[in-house]
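First, one chain by itself in structure tokens, the form predicted on its own.
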């Protein structure tokens, strides 16, 4: 079995299995761990909890840019690389074909030049985020190994994919195998590191919105 066959076959299948198990396990712990009930009556005018939770999820999707350099950079840069990742993952034709092979659904792809621009911008944005983390005394102090590993496994598929499309690594099959394996590492790491926030963020925001609404807080 050559490297590409291994990457496409056993490695990717194993990674998908670990990913599905890890995400399910983390969500099950979050959703089914017993928690103390809030027995206080809801404040007058409080919305039903599902509505309040959904409103908070939607509200937090929009940026709150403050007129200070550090906060503005963090906010804008965060939106840049999250949107860039979404464009690359869900807009690139080969990625759509992979999704179709797994889930049986597909949609029109974006032009290649759009993907190239999004890839370059996203890589630059992630590098800027790392530089900010390394040069900010506060961020450097609170950063953990998880932060750096999560950054590395996120940018690796972008860099290998960019080099693959640009034919910067030869032979092509080796470059494709390296790209797939970098994605394999990302899938395996995601449920167990901070990248799990891609799933947890909506649950935590909904719970926060419902709780604060119950208490009468104005959001």
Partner chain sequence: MTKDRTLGEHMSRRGISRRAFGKYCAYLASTMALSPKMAPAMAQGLAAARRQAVIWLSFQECTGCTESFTRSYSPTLEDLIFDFISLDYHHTLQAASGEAAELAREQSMEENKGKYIVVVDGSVPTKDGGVYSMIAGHTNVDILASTIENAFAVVAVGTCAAFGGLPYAKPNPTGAVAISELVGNKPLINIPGCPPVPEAMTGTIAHILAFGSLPELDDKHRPLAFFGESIHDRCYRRSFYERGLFAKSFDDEGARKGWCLYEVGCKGPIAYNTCATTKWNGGTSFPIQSGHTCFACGSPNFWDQGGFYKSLPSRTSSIGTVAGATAAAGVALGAGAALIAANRKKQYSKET
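Positions refer to the first chain, counted from 1. Predicted model only: the values in this text are computed from it and were never measured.
The next section is about a form of this same protein that is not shown, the form predicted together with the partner chain.
Position in contact with the partner chain when the complex is considered in the predicted complex, options 89, 72, 124, 98, heavy atoms within 4.5 Å = Contact with the partner chain in the predicted complex is made by 98 alone.
ask   = Based on heavy atom distances of at most 4.5 Å to the partner chain in the predicted complex, which listed stretch, 132-140, 99-107, 145-153, 73-81, is the contact stretch?
value = Heavy-atom contact with the partner occurs in 99-107.
request  = Check, residue by residue, if 4, 13 and 25 all come within 4.5 Å of the partner chain in the predicted complex, counting heavy atoms only.
outcome  = Verified in the predicted complex; spot residues all in contact, yes.
key: Interface membership of residue 32, the partner chain in the predicted complex, 4.5 Å heavy atom rule   = The answer is yes: residue 32 has a heavy atom within 4.5 Å of the partner chain.
query = Would residue 20 count as a contact of the partner chain in the predicted complex, using a 4.5 angstroms cut-off between non-hydrogen atoms?
reply = Yes.
ask   = Hey, in the predicted complex, is residue 41 touching the partner chain, heavy atoms inside 4.5 Å?
value = No, residue 41 sits far enough from the partner chain in the predicted complex that none of its heavy atoms falls within 4.5 Å.
ask   = Would residue 94 show up as a contact with the partner chain in the predicted complex if we use heavy atoms at 4.5 Å?
value = Answer yes; at least one heavy atom of residue 94 falls within 4.5 Å of the partner chain in the predicted complex.
query = Hey, which residues along 138-173 are within 4.5 angstroms of the partner chain in the predicted complex, non-hydrogen atoms only?
reply = Result: 167, 170, 171, 172, 173.
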